[in-house]
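Next up: a single chain in structure tokens, the form predicted alone.
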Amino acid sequence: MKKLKNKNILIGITGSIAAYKACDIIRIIRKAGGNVQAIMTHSAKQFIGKSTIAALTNNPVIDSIFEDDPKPGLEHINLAFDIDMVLILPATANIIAKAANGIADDSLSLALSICEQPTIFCPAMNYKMWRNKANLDAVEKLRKRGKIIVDPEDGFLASLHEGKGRLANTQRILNNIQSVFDIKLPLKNKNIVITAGPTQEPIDGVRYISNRSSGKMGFAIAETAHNLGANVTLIAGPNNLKDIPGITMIHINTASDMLEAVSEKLDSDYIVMNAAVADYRPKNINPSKIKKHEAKLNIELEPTVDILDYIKDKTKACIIGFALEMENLEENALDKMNRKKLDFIVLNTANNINQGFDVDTNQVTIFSSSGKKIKSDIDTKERIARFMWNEIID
């Protein structure tokens, strides 16, 4: 989402139960380097606090035509010249009707009557309101004027009814924002599941077997796919990283947990198995803490289910595996790709201090089932993730 950097986006928040979802969109735009100015209608403030939006945007919120501290010229008119894009989220039937018919009786509708920049409306309302003839006519008017309407989705509504009226999901909204700035989205609307981090296999009530994986590579792959337009689900083992806004996060502990989570996502377009899943687990788990004795402690291990083996014949997804090797690097990676019927395998190593576990850099070699091989330079895991997706998409 680099092209959002330094873009000035005006977000209009109206009175809908979905108003709280504006917070996530604001946070994502700000993280990408964009600037956000918010206008809130009186009804919007009944659903979400003005101070919350001010804190997230780092700007005062406009909520009245007549400001407490008037400046030369209406502040709304000045906005019309400074901003790059207008986003109405959520857009109620009321603001859609006002915008379609040129009504300017509050701060937001006044701004809409002035602004000629690209404008995106993200409707959210009861399904009967959405399909009301007057509302559909207003939507069609806005479309004919070149406004972008991100249609609501089907599902359960706040009224406990079911129908078309739910605010579009975050990724669809972000894709439309990026399209305004001609940002290429080669993974637009693709469903991608990515695994990251270690698993923890319990020995007793307080101890477990695990490994040194930090999850940084998997998180970088997930965030990059998200920025390229994908709907991303990140299945993450225990880690110290922050959840990524706009991505569906599933937190697991054991290899069995991860198998179950991946198995529910087999209808995805891509499955990226980056996690360092334990190959073995204790056969017998002591529910309490094992006390220390002079005698040796022997722990019998049994193999965990190989997730790649389990899913390879159950999905039509493009499957990308990872191989962390420390000897016979290429030979072992190719053997794994062929045995598990992978479309791609990404080879890396933990032999060097700037590669592998718990560091911010990496170096990979990508092999494809069609015989392609390409090696990256040593680079940050974020840039390695972009390198990986570029090669796989190509």
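Residue indices: 1-based, along the sequence shown. Bear in mind the structure is a predicted one, so any value in this text is a computation, not a measurement.
Omitted here: the form predicted together with cytidine-5'-triphosphate (CTP). The next part is about that form.
For the three residues A275, L308 and K336, a heavy atom within 4.5 Å of cytidine-5'-triphosphate (CTP) turns up in the model of the complex in every case.
Here is the short version: of L324, M129, I247, I114, the single residue with a heavy atom within 4.5 Å of cytidine-5'-triphosphate (CTP) in the model of the complex is L324. For the options N135, N253, T304, Q171, the one in contact with cytidine-5'-triphosphate (CTP) in the model of the complex, meaning a heavy atom within 4.5 Å, is T304. The stretch in contact with cytidine-5'-triphosphate (CTP) in the model of the complex, judged by heavy atoms within 4.5 Å, is 278 to 286, chosen from 147 to 155, 231 to 239, 278 to 286, 83 to 91.
Contact check for R30: no non-hydrogen atom falls within 4.5 Å of cytidine-5'-triphosphate (CTP) in the model of the complex.
Shown alone here, K340 lies within 4.5 Å of cytidine-5'-triphosphate (CTP) in the model of the complex, counting heavy atoms only.
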